[in-house]
Structure formats: structure tokens, C-alpha cells
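The data below hold one chain only, encoded as C-alpha cells and taken in the form predicted on its own.
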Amino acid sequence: MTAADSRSAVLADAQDYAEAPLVTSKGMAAPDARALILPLACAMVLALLAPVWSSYLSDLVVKIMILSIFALSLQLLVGGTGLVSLGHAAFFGIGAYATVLASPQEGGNLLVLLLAAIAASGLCALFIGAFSLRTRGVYFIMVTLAFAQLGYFVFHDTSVGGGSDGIYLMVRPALGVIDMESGRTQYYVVLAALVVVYALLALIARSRFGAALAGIRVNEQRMRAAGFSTYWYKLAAFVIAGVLAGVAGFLLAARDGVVNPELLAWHHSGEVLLMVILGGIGSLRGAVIGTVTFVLLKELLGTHAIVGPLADHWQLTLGLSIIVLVALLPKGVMGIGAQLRARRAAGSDAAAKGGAHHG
């Protein structure tokens, strides 16, 4: 067997080992059209419903879509590569800050500001990843957290980004007829970005590169033994995830018109990690569903009209709710179907054994 054959065999085995729904197919090149039908249908429904949403619902949906892009970017690290980062919010915040800092007083070009956010978050991800990926396990988690907090204090304690008050975007970006001052335009731009990011990550998961990342997640030592330079694969995944988080930060800055250091804080990284866990690690759909679950829980538990005085303590009830959900759904919302099938199969086996015993 040649070295190339050996590497192909390892990649095929990585596909077999991988638990993620989007990387389990043995064919690495042919996309599964059925897996894209539901996401495309959801995107079309969101596009058609835009005119009938109230301003509150439209704003909430835009917020969920931006956070979904953020969660999808972390899913590439956690679910795709096995790298649990607690500093991912740094790239989200840097993308948002780069958008505002690069914007002129009269309003900036949407494409130029987007490229500025991508460049800033990508370069920071390259720098942080180059150091962080030389560590593993809990040390990787701590190093990424330390870098994120370093970024937080740079913006919080200096005048670079307006200190703890943050800075404002004087005029939202535009490109021709695409003007982000319009709420409807914001909605469709964010929806288009979510579709593009989802499709990109689905293609990555089904590519040779995605198969190599899945192999690294399952058994990095084996991948190195097969001749893969795993460090560079992980660094590429880290930079891609950082860039996508920067895109989410750009969209947030264009929507809110203001940024502050809290965007880079460690608890923001913890929140996006919770979204990925709630939905189900290893699934792109899970990242989006986890984001929807987390944001809706936050909204419901903080509304006096629904939970009464408990709304004043929404952080406590949110924490308890997440503990219950994680205990009941160890594989996230995406694992509900598998849990029900396992219980049904267990019930059938018990009935069969009972019948055989009586017979």
C-alpha cells in the first residue's frame, strides 16, 4: 500500500469513527442533498415571513441569526475538530470593533468594513491559534481564555475603543441599494450571511479537509502517524472559525450601531459554548437549534408577563433550566430522536424477553 493509499484509508476510517451527522458519510465528495432540504426550507420560510413579523419579532430573529453564525463558527472547533475554546468571543468582539473603528464619519462601504472585520479577526485568530494550539486539553482552554481576557482589557482599559463605554457607529454601512439603516435590509443581509456560512461549513464537513479534522478529533496521534501535519490543520480550522465569528461581530455592529468590551468577555464565550452544547455537539443544525433554544429561554424567563416576579432572577432560572436540559438531553436537542428510538427499542426487547419467558 502506498503512502497516499494509507492516508486515504485513515480519512475513510475517520469518517467511520466520527459521530457528527455531517461527517459520517463514507463518500467525502458527494454532498447529501437531503441534508440540505430542511435548512433551505427554513431559510425560505424566514425570507417569506419577514414582511409579517412585528418589529420586536424581526429584531429577535435577526439577533438569533447573528448568534447562530457565531455558534456555527465555534461548532467547527468543538464539534468538528475537538477543540474546546473559552476565548471565542474575542474574535466576535474584534470583528465588531474593527467594523466601527474602520468606519468613516459619513458612513462606510459595507464590503470594505466587512473585509476589515474579516482581516482583523482572521489575523488575531492566526496569532492566538499559533500559540494556543501548542497546548492541549485544559491548558488549551485556559490559554484561549487568557488571550480573550487580554483583548477584553485592551479595549476596556484603554482609549482604543472608547474604554468601558464602547464606541458608536455614526452611520451604518451601505453598498448601493443595500443600506443597513433599514431594518428590512438588515434582516435579509443577516439571513443571506447565515445561509452562506451554513453552506460553507457543510461543504467543509464533507471535504477531505473536514474528514481530516474529524480524524484529529477522534484520534490525533493516529493522524500524525499517518503523515498528517495536524497542527496546521487545526490552525486552519482555528482561523476559519475566528473569521466567521468576526463576520458575526460585523453584523452585530451594523445592527446595533454600538460596540463595547463586554462582547469579548469570557461569559460571552461561555454562552456560545452553551448554545453548541444545548443543540448537540457535532451538528450544524444543532448549533442553530441550540442558539434558538438559548435565546428563547432567556427571553421567556426574563419576561414578567410570563414568569411573574421570577423574571427579576432570570439568570438563576436560566441556569437551572440549562442544568435540567443538559441532564435530560446529554446529546442535546438533536439527540431527542435517538433517545426516543433507543427507549422504544429497549421496550420492544423487554416485551420480547417477557413473552419468551412466559412461553
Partner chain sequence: MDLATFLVQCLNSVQYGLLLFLLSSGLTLIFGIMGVINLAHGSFYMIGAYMAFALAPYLGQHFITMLVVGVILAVVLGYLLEWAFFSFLYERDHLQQVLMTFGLILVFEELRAILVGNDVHGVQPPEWLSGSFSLAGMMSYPWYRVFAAVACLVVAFAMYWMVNRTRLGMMVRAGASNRDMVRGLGINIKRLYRIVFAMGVALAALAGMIAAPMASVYPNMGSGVLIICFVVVVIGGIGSITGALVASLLVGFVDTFGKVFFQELSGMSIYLLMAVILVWRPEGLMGKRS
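Predicted model only: the values in this text are computed from it and were never measured. Residue numbers count along the first chain shown, from 1.
The form predicted in complex with its partner chain exists for this protein as well; it is not shown, and the discussion that follows is about that form.
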Residue (of Ala226, Val84, Val171, Ala202) lying close to its partner chain in the predicted bound form, criterion heavy atoms within 4.5 Å: Val84
Out of Leu110, Ala211, Val78, Val190, which one falls within 4.5 Å of its partner chain in the predicted bound form, going by heavy atoms? Val78
Taking any heavy atom pair closer than or equal to 4.5 Å as contact, tell me whether Leu145 reaches its partner chain in the predicted bound form. yes
Would Ser159 sit within 4.5 Å of its partner chain in the predicted bound form, counting heavy atoms only? yes
Using the partner position in the predicted bound form, report whether Pro51 sits within 4.5 Å of its partner chain, counting heavy atoms only. no
Contact of Thr135 with its partner chain in the predicted bound form (heavy atom, 4.5 Å): yes
Where does its partner chain sit in the predicted bound form: which of 99-107, 244-252, 135-143, 172-180, heavy atoms within 4.5 Å? 135-143
Establish, in the predicted bound form, whether Leu115, Tyr198 and Leu235 all lie within 4.5 Å of its partner chain, using non-hydrogen atoms for the distance. no
Do any residues of 258-293 have a non-hydrogen atom within 4.5 angstroms of its partner chain in the predicted bound form? If so, which ones, in sequence order? Trp266, His267, Gly270, Glu271, Leu273, Leu274, Ile277, Ile281
